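Coming up is one lone chain in structure tokens, specifically the form predicted alone.
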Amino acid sequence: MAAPRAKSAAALRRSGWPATLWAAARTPRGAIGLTLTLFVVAVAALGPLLAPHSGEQFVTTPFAPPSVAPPLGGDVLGRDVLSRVLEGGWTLLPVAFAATAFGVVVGAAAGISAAYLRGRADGLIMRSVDVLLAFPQLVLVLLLLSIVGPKLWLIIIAVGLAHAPQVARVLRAATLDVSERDYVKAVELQGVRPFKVMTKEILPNLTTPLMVESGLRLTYSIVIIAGLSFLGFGQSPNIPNWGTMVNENRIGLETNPWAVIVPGLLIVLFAIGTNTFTDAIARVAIGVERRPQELAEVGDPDEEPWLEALV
């Protein structure tokens, strides 16, 4: 049995990030995180289709308590809280995903280039990263938005740039290890251009840190963007947004707390879900890459005990 088990662990290592995601989703930790994340994404995606009223329609009195007609009561202006909650994630989550993708791409390009090119390129890139790291994320985003204004495209760029330095540092450290491996040196001896070496040989071997960083940055993106809306730097107050709802309805907590609790809870659930699933990915990846002998002794990856050993 030892040989088949060792073969199964090796097969998972070779199968790449889809198998890592699948293995993470099968762990208890990953299943909980993925369920919470998909629940919030489903609310954001399907909510506008299920909303009983328009998010801008006045249906009751300000801060009306829950009743049969408005199940979650009214907000500060008498709009249906349930409808605004269902419509509030339609823009918030896509903007968070876009900002995360932008930040991960920029940060990964900077980190990989700095580690592989080294010398002056490394010093220039990483000193620029250090300058950006000197600013707290929210302060950096507010600084950029205060110059141009709360434009949707600028929010994506500003939040992405706030994530890029952390991604660059992580990917630089990972690239330093990968770039010293034999298969990279063999390609370099053939005279392959540095850009092709970085994209074809190094980048495919950085899927694990990229996945982990993407999950972490997505969590921070949703919190930062919701915080911007809370501070008044997001979309127009008329457009439903979970962050804006928490800010404008907090003065009526005693009358109708659901106008604050429900949107705040969705933000928290999304942050917890993505963090938990990301942690499961990291645990599975570390187990596959660094403990092949232990995994071979535990069992086949299709068996639950193998997955339990990773958490």
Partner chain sequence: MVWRLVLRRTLLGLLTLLVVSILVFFATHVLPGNAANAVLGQSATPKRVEVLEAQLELNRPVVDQYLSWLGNLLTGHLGHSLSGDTLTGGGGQPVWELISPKLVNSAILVFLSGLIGSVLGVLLGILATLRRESWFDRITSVGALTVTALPEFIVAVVLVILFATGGLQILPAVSTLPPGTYAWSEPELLVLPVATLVIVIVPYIFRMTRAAMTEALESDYVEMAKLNGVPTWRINLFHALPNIVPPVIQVIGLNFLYLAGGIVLVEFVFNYPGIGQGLVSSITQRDIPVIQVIVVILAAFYVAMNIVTDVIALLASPRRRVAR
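Worth saying up front: this structure is predicted, and the values here are computed from it rather than measured. Residue numbers count along the first chain shown, from 1.
If you look for the form predicted in complex with its partner chain, you will not find it shown, but the lines that follow are about it.
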### Message
Counting any non-hydrogen atom inside 4.5 Å, which residue from Ala101, Ala121, Ala173, Leu138 sits next to its partner chain in the predicted bound form?
### Response
Leu138
### Summary
Picking from Ile272, Ala31, Val59, Val41, the single residue whose non-hydrogen atoms come within 4.5 angstroms of its partner chain in the predicted bound form is Ile272
### Query
Hey, of 72 to 80, 106 to 114, 93 to 101, 146 to 154, which bit sits against its partner chain in the predicted bound form at 4.5 Å between non-hydrogen atoms?
146 to 154
### 4.5 Å heavy atom contact, Gln235 and its partner chain in the predicted bound form
no
### Message
Please tell me whether any heavy atom belonging to Ala226 falls inside 4.5 Å of a heavy atom of its partner chain, as the geometry stands in the predicted bound form.
### Response
yes
### Message
My question is simply whether Thr37 lines the interface with its partner chain in the predicted bound form - judged by any non-hydrogen atom within 4.5 Å.
### Response
no
### Query
Would Asp177 count as touching its partner chain in the predicted bound form under a 4.5 Å heavy atom rule?
no
#### Entry: Heavy atom of each of Ala134, Val260 and Thr276 within 4.5 Å of its partner chain in the predicted bound form
yes
